[in-house]
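Let us start with two forms of the same protein chain, each given on its own as structure tokens and named structure 1 and structure 2.
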Structure 1
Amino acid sequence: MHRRGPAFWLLTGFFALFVLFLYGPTITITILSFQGPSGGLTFPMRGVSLHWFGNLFEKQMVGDFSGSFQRSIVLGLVTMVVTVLVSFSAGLAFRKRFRGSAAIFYLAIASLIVPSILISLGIGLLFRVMGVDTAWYSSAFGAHLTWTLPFGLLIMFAVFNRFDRRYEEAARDLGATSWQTVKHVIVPILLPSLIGVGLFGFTLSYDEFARSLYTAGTFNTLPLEIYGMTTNVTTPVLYALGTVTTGLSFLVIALALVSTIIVRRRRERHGSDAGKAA
């Protein structure tokens, strides 16, 4: 029997500490959110109930749970759709070299290097100079795209780099137009990757704090609302809100994974739509 050396146990311990550091705070908040009506913000727990989850849907003296939650959901969905469409279109366009393509590429991913707080501050100042009020649906939307689009572009560039263009040539030989080729050949083949880009776009926007700080305007997104409430709310209702938002994030990830599995099984069972282009 092969004996494991010290390096294995050292790396195992490091990984265990990493997992504990990553998920420990989330698990702690989840447990504390189920406290009874007299519960506080620390252990030991005082009873077990769903009281604080019900309190989320009641009118709060401090904070706007439902409004900020709805704004973050809408902003995340719109950002997701735009990120997928632009990334996919850019992936198609960058398959051929054109004048200025390198400059456009580096400009697009430059926002990954610039600190997020500077991006937020710059966009906020720009809107003030133009005399336009910042808002979650305008300036914050643009700020979130500076974060999600570079990731989407890099993913789609890597996907298209592995894409076999003989599928397109075969479709054109069979009389398919450019639009039919995209709709019935390229999109079905790349659909799992597009789902992944959409997942990135939604989760990055939904959880974004720094780029929303100076661009959200009068009405906060959920991360800003949670941050503002940490200095005012002294009940486990804040933990309940964190549990709900974390659960939603995991739900989105699960839906994306299930969608990818369904697409792959459908393709294995029935094939793609490439033969139906005509």
Structure 2
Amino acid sequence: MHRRGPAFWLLTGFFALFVLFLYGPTITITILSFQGPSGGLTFPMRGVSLHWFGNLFEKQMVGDFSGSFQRSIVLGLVTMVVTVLVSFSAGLAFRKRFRGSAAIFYLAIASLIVPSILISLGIGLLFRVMGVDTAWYSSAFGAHLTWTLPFGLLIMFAVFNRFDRRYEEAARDLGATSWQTVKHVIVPILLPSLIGVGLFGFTLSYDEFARSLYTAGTFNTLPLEIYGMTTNVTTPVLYALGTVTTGLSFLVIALALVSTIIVRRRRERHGSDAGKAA
């Protein structure tokens, strides 16, 4: 549509700089996390080693890294599963007009725009007033859901808007019950989007700091642990931690992308999976 004039190259240059801006710092700390044992927080590199990664797993050095890492992963996985199930179910409901639908929709929007610290503070205060201890698996879990569910719901809206209801009607005409329609028609067709919602759920929870602050209780989740480290750790062990957590995020993204592509490919080869399952 556009000829590749000067504007094209100018914008391409701008885009390249933006990508460099996005990734440059992450790449830098990844390199620096392999500092030799005598290296510091900035260049030059004094040798190359895995020293700081080893350091990460010694409990007394940097607090409870392994424990908080495990808690964050468990919390992320549970949040992921719950986010997918709850948003999918709500997405089904929102295809019809029902009383209160507008109110629930605006609650979801409110949940996105109310600053995280207020949610954190509110839940923390609520538990205190009720005399219940906050914990990562109760109050923090709820706080994370208020962040992941609106995203999940909005994605489900977008997805169902593009969903061809004739598949569903065809299934019903062929005698499928509602449950069979959901299981053998809707879920297989929407699988890539559901994977996307799951990805959202896991990573948003895994990286959430503000909403965990007053809700996690005695045992820290990983972002809280990292935040604590930033104020009292001045060695590259901080970067090693950054490399490990970013690596895990990338792994999750890659898994989600690959599984989406596999689903698409299978579909191209066999047609839709819908109705193939016994």
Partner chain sequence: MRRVDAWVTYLQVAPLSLVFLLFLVVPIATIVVVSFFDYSTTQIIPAFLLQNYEELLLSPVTWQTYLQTLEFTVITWALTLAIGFTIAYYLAFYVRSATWQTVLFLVCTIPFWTSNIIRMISWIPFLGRNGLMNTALLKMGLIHEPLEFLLFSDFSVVLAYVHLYTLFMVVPIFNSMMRIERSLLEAARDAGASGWQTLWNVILPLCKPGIAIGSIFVVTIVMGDFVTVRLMSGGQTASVGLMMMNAMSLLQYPAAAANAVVLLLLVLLTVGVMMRLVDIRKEL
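Numbers follow structure 1, counted from its first residue as 1. We call the rigid core the largest set of C-alpha positions that still match within 1.5 Å between the two forms. Note that the structure is predicted; figures quoted are calculated from it, not measured.
Engineer: Determine, for this pair of isolated chain forms, which one is the form predicted in complex with the partner chain.
Structural biologist: Pick structure 2 here.
Engineer: Residue 10: after superposing the rigid core, is there a C-alpha shift of 2 Å or more between the two structures?
Structural biologist: Yes; residue 10 is a residue whose C-alpha shifts (by 2 Å or more) between the two structures when the cores are overlaid.
Engineer: With both forms fit on the core, has residue 19 moved 2 Å or more by CA between the two structures?
Structural biologist: Yes, shifts by 2 Å or more.
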